[in-house]
Every structure is written in structure tokens, then in C-alpha cells.
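Have a look below at one chain only, the form predicted alone, in C-alpha cells format.
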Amino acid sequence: MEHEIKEIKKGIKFHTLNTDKFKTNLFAIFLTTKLNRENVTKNALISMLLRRGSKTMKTQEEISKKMEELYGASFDCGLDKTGDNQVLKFYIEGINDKYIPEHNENILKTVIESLLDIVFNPYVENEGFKKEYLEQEKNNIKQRIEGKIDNKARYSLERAIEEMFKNEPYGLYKFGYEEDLESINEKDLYKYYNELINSCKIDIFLSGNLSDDVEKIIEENENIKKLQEREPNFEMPKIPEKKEVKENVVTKSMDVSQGKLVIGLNVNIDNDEEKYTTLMYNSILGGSANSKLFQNVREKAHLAYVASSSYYRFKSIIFINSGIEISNYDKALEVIKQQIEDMKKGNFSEEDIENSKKGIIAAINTIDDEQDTGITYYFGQELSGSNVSEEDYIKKIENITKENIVDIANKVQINTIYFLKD
């Protein structure tokens, strides 16, 4: 998968991933802006409103009809929190023109124009978003916010993040806050949308067996032409400040049959290269079925239904997640902490290291197997200010030693322990 980047205008990049592995083209647009309390709910609403209609396709039904005309193309959108940024994501996947014999229409050009129209030319009434659409999406977001509590594991993780990053952007919930909804009206939100579009970081991705004219199609599009150059308003990840932290223990009671224990760890890395070693550390600690958490907390001690860990590289943190019998809290916490200490002492084998390397490298080798995975990988590279190919990524993993991993283990500190119980 050949990745090329061109800056169309300052703050607006066009990425191509040229590959002949797929019969479809995947076109994606990412709008990245800094997370802040004032605008987090507005951004969530905009991500949902844009899918409701554009100037040329005024309803979701018209968008669906257009997708059907494009031989069953599919349109999707989403919202992410990546580091201290909020990312609005939009996709259309359509069949490559090469697989439509004796067909004169340029499907790719229509796909590109359709998504650019949805994102940059929304349906507007009286200088604002359609009021009916806005009220419906406000209700949808309200339900989503209220429904956070339904998935207890996810809720516990969100609460642990809020506690770890209290009064910081990363502590914000990506879908915003119910108390903000009432004050947002259709005209003010449309005014803010225009500010967002002309200040955010814009990344446009196209993956597939591409013709030479795709760059020209983008650059000559009227919606692209009207976009302003900008110093993009987004946050590059930084090496975290080293600081001693005291364990913050938070306990919440709720009607649950199974306890949810989440432990947030700071990883005080010194440079970006140590992120690769931290990925290895996490894999051995709790990132695989062979991990210390899985084997010792779940399989041997029978203290957890689930015991795993996840590495959030944009914030240099690791979260340990476990589902336990509520009465086993003290013992489970003790055994989990022992695994963290064992990593510091180097109590893991060369086989653990090799298994982790194989697992990570296998995952990297599957990046080319799905178009959206390839786009996600290179978008992550873009947001982190690096451009590491899959081959180079694998080499970095292969060169990690036990000494490197022990060094990272001794930079790990427990920040927050969150326990959801009855």
C-alpha cells in the first residue's frame, strides 16, 4: 500500500493509498480540532447533522438514493477522541470503475463530489441548520449521554478517564454534555460550523486502485476551492511531563452483579521511540491471551472474568480492565499490582517477548487487508507527526530487547483505581 501526501492548501492534506488489492475505493474526510469544554457538544452535533443532508442531497433518503445509484456505495460517519483532539469522520466506499464494464460514468468522481458536498456544503435553512434535524439530533445525543451507564465496562473506563484527566481536555466525553444542548440553536451552530471548517485540520484520504486524475478532481472541486488556508487548530501529542502521582482510589456503588475494576497507569516515557517499547510492555502485561494479567489473574487465581490492558499512545497511558466478583476486590487488586511489580523486576521470559513481537507484527501485517485499517493507520501517523511505514514499524518492534521493556516498566506509575460495585 503506497502512501503519498500532498498539501492542497495550508492545513488541508490529501492522502492517497494506492493498492490493487480491492475492488472498491474508500474515500474519507477527517476534521480534527482541539477538545475543549465550550465546543465539545457542538462538534458532536455537527458530526451527526452533516449526515442528514447537503445542499444537493437535502435528506438522508436522497443521500441513500445517491448511494444506490453508485452501484450500492455505502456512506458512514463517526466521532472520535484522539489525544486532546475531537475528530469528525466521514466515509463513502464505492466500487472501482475498472469493475464496471462498458460504463462511461466516473463513479469515483461522483463519490468524491458527494462526500465533499455532505461535509462542506450542508443543508441550510434561513442561515442555519434545519431546526427539525437539530432537535432530533439533540435528542439522539441526549439518549447517547444518558445511555453511557448501560455498558458498565465502558462506563467504568470513561469514569476512570474523567478522574485521571480532571479539568483537562482528555477528560471530556466525546459526545458532550446534556446541559449544553438547550442553549444551542440552529443559527449559532451553523455559524460555529463555518468557524470549525475554516480552522480545523482537514485530512482527505483515498484508498484503492487509483487513476492519475484523482488529485485534479479534488483540487478543482468547488467545495475545496472555497476552503481557506489555516494554521490548523489541533493538538500534536507531547511527551508527558514527568510527575510523581499519588494513587487516586475512586469507588462507585451501582446496581451491578459484577464489579468493574479499572486501573489507569501513567507511562513516563522520555521520547517517541519509547512508544514502541511501551506497546510491547502492554502486550506482555495484558494485551494478549498469553499476557501476565490473563494468565495470573484470570486463569491461575480465578479472580476475574476479564483481565486485560490497553495502551493509549497519544496520551502515554495504559488502562487495566477487569471484571471481578465484588468480594474479590482486594485480592484481585493485589495480584494485578504484583504483575506490574514483576514487570519492573524483569520477571517475564524471552518466550513472552517473542510471542508479543509475533502478535504485534501479525497485527501490522493485516493493515493492508482492509482499506479502513490502512487509512486509520496512516491517519494516526499524521496526527502524531510521524510517517513510519509498516516495514519500519516492524523493524522497530523486532529490535526491542528485554532491557528496553524493563526500563519502560520502571517508568510506569499507578494513577487512578476506579471500582464499580454494588
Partner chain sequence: MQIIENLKVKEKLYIEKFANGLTVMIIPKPGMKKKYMIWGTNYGSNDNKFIVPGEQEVTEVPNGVAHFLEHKLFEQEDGTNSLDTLTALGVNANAYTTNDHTAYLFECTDNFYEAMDELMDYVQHPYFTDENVEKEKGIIGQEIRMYDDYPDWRVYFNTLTAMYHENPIKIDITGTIETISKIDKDILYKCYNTFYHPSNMAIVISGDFKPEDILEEVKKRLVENKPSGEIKRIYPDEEESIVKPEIVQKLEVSNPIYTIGIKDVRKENQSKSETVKKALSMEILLNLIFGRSSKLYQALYKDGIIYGEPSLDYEFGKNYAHVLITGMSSNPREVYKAFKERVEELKNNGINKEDFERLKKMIYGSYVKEYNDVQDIARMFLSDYFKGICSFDYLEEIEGINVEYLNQVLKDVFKEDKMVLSIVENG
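The term rigid core refers to the most C-alpha atoms you can superpose between the two forms while keeping them within 1.5 Å. Residue numbers count along the first chain shown, from 1. Source: prediction; values computed, not measured.
From this point on, the text means the form predicted in complex with its partner chain, which you will not see here.
- Taking non-hydrogen atoms only, residue 24 approaches its partner chain to within 4.5 angstroms in the predicted complex.
- At least one heavy atom of residue 302 is located within 4.5 Å of its partner chain in the predicted complex.
- Under a 4.5 angstroms non-hydrogen atom cutoff, its partner chain in the predicted complex has residue 358 among its neighbouring residues.
- Taking the partner from the other structure, its partner chain in the predicted complex has a heavy atom within 4.5 Å of a heavy atom of residue 298.
- Taking the partner from elsewhere, every residue among 64, 151 and 323 has a non-hydrogen atom within 4.5 angstroms of its partner chain in the predicted complex.
- Exactly one listed residue, out of 196, 108, 333, 73, brings a non-hydrogen atom to within 4.5 Å of its partner chain in the predicted complex: 73.
- This chain appears without its partner; in the predicted complex, the one residue of 248, 211, 136, 347 with a heavy atom within 4.5 Å of its partner chain is 136.
- With the partner left out here, its partner chain still marks one of 220-228, 303-311, 239-247, 179-187 in the predicted complex; by a 4.5 Å heavy atom cut-off that stretch is 303-311.
- Along 355-375, residues 355, 358, 359, 362, 365, 366, 368, 369, 370, 371 each place a heavy atom within 4.5 Å of its partner chain in the predicted complex.
- After superposition on the rigid core, the Cα atom of residue 263 is displaced by less than 2 Å between this form and the one not shown.
- Relative to the superposed core, residue 96 undergoes a Cα shift of 2 Å or more between this form and the one not shown.
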